[in-house]
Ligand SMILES: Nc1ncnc2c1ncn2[C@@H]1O[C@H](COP(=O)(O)OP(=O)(O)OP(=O)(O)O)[C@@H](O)[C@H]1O
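Here we start with a single chain on its own, the form predicted on its own, put down as structure tokens.
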């Protein structure tokens, strides 16, 4: 006997399956490059420590547009290496510490936020340089090898030339510390490149990884496979209507050509199929169209998954009426 669709949201097995969808990681070449570089830096640092030598640290810059999947990539990276390094911020030894750059991103506020992430709350009226001296001391005490800054492009937003140079000098000072050098994992929007390129010495010690936009033709095959992988994880069937190139191109456009957004849309659509039809669901265009409507407030004629001329639609806009014909006019 089939269940009432309203009851599927409270079904424990379905809830567990939806949770597993959110943890499914689909690697892309850029993510594999990030993984390889991070592993190489960790291996070299272990070797240096074993030999009792101290070298200037190298760092990584992960760049991509909003929705490209930067934050997810870093989160998965840290999770993967949890068996090879201490990553629990609640423990005394924590070899990876990550935080989001606060706003406003003055060196004083960023330093204070870093101290909090290190478990050493900032108190007092110390100036930026004194705070960063405390940061370096805490990094050594906690044996931190990598310090991650998410939304790192904000480090130089609204800053003067002098303030931007102060940011660069602070970053270099952590990498070049003669007692306890720390590698940085800087992730952010393309503006982050301007910060790193501002100083030739800093740029020389940073390995760049950029997450590019999806290609409407080249990535069609991989996108079809991604949809199938998520459906397989959910143990549901996939309709023929979402197994073709035409649908994949719509999905890529709906995600504004960003991999992270695309994965998010697929997870939502598969989850929607489970919540409405249970494990008997057959993932189809309807599920994608309905979650797109919920996310964007789009009427059918402005829904990327339904509209005939979907290329005109900006998927980043909410409640976008476009050039909707007025009453009495021909559509």
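As the structure is a prediction and not an experimental result, all values here were calculated from the model. Residue numbers count along the first chain shown, from 1.
One more form of this protein exists, namely the form predicted in complex with the ligand; it is left out here, but the text below deals with it.
- Contact with the ligand in the predicted complex, judged as any non-hydrogen atom within 4.5 angstroms, is confined among 273 to 281, 64 to 72, 43 to 51, 297 to 305 to 64 to 72.
- Put simply, residue 230 is close to the ligand in the predicted complex: some heavy atom of it is within 4.5 Å.
- Although the partner is absent here, residue 25 is a contact residue: one of its heavy atoms lies within 4.5 angstroms of the ligand in the predicted complex.
- Residue contact with the ligand in the predicted complex: residue 260 places a heavy atom within 4.5 Å of it.
- Mapping the unseen interface onto this chain, residue 264 counts among the residues with a heavy atom inside 4.5 Å of the ligand in the predicted complex.
- For the options 95, 256, 219, 151, the residue carrying a heavy atom within 4.5 angstroms of the ligand in the predicted complex is 151.
- Comment: the ligand is not present in this chain, but in the predicted complex one of 189, 206, 131, 118 has a heavy atom within 4.5 Å of it, namely 189.
- For the partner-free chain shown, nothing in 45 to 59 comes within 4.5 angstroms of the ligand in the predicted complex, judged by any non-hydrogen atom.
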